[in-house]
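Next come structure tokens for two forms of one protein chain, structure 1 first, structure 2 second.
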Structure 1
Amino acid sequence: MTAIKNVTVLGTGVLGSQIAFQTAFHGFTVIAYDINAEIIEQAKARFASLAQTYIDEHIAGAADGGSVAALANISYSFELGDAVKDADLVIEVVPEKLEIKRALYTQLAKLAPPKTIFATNSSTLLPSALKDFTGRPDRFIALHYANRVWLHNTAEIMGTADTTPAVVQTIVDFATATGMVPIEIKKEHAGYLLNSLLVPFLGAAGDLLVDGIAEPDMVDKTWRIGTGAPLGPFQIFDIVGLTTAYNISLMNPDPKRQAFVKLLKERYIDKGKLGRSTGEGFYSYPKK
């Protein structure tokens, strides 16, 4: 059982929409928030696509009305106060930039009711870098999801020194109730578990490209054949999204990371090639 009933997800990009849909699929009332009506319309199309994906990938119950019910459980808002006024839990999935997140939590602190737990899905920032902006450090926690949440269903849970044990347990219960496997992390660690392993791997692939050692398809082919993994690093970049890769790499002062940032921007991002979500990144993808 979980005390959480009403969930607001802030951000309807690739991962935000997945988190919202997975939560709604398991019977929770969800408000999907983003900054304007145009982005909300794009989100509706993304949710419709997810509903079909759950059916196509044979997620239990999806074809028997589960996907339709999930869509009915989701409402939309681009008014922040409206979106959080009844929330038991707010999951923040906004761009991986410290100043954006801090500004958002400063607003949230004034708008959300005292009962609301705040959870950041940040993949690289420590929750302690944000807690003082939340107005409720005892009810603030990190809740990190992996891409394709219905399949890679880990939920990494990491509090700060101020997060109460009751809040940690509430989020563990919520994760379980939404079909996730809760991964409790004993103390704050940048990158959690998954990204502590994944980011160096992707960084090594970026180095090979920047240094002109090999092109993405050859790097990916080598990794798939040599390890039996289903995807290579550049295929993973496309799934994660090149904007996210850019923002994360931007925070690393290492010259190699900055060279990769420049390459991403000039060859891909400036040309609208943002990964699978736009139909082209390191690879091209057929339109559905």
Structure 2
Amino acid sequence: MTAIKNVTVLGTGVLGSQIAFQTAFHGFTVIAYDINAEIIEQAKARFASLAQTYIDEHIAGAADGGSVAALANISYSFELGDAVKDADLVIEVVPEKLEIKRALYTQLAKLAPPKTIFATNSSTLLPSALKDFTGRPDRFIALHYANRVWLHNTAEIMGTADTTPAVVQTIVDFATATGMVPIEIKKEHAGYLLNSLLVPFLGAAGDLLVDGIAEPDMVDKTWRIGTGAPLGPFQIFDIVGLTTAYNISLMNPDPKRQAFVKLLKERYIDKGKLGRSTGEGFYSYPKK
């Protein structure tokens, strides 16, 4: 049984809303915090939509009151001190910008009680880059969720050299208690496990396209038949979203990555083809 009861999630965007809802769905008391009242109103709509998604996607218990109960477990705040004053765990899910996260941890260090564990959901920043701003490096850890947490339910858990083993164990227990599969990473590593595998794989697929070796459907077919995997890399690109693929490739100075960035922009992004979310990316998807 986890020692965590009260959870505060900072940021109610794409991932923050999912993490807060998934946690509330598993019976925890959750405070969803964001920067102002207007964004909190948008967050309420996101939570209502997630409640319906859990029902539509047949998550066990959702239709039998689970979604309604989850919504009742969530309260809202745009006052940081209030939001964290009783928190056992704060999960930080704010934009992937070092300055924003550092400024937030500097505030949090003063406002949260000593018992509170801080966890960052950052995809690309190492927790070491943030730990000195937390005021509690021993109680700070990365807890990384994947988009569509109810379906892709990995929780990658990665401490720094300062994180105590008891805190790691508490977070492993918390992840399990919230329906996640805890993936404990032995030492800090950029990209955790999933992105350490996925990013080079997708990059290699991009090279095949940029170099004119093969078209996406041929690459995907080869991967599916040759390995038994259900999806090829370009099908995965469409799920991740081409804007995210563009932003990740943009950070890589390799000329091939930059050629892929150009191709993505000209052939897809500028035409509003952003992947499954818009009904078209490398492939077209029938409207639901």
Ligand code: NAD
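Definition used throughout: the rigid core is the maximal C-alpha set that superposes within 1.5 Å between two forms. None of the values given here were measured: they were computed from a predicted structure. One-based numbering along structure 1's sequence throughout.
J.: Please match the form predicted together with this ligand to structure 1 or structure 2.
T.: Structure 2, which is the form predicted together with this ligand, differs in this respect from structure 1.
J.: Where the C-alphas stop fitting one rigid part and start fitting the other between the two structures, you find the hinge. Which of G191, N247, N147, I39 is it?
T.: In this comparison, the hinge residue comes out as G191.
J.: Give me the angle, in whole degrees, that the smaller rigid part turns through against the larger one between the two structures.
T.: Comparing the two forms, the smaller part rotates by 21 degrees relative to the larger.
J.: Could you check how much the CA of W223 shifts between the two structures after a rigid core fit, in angstrom?
T.: The alpha-carbon displacement, core-superposed, is 8.2 Å.
J.: Give the C-alpha shift of L197 between the two structures, in Å, after superposing the two forms on their rigid core.
T.: Displacement of the C-alpha, rigid core superposed: 2.5 Å.
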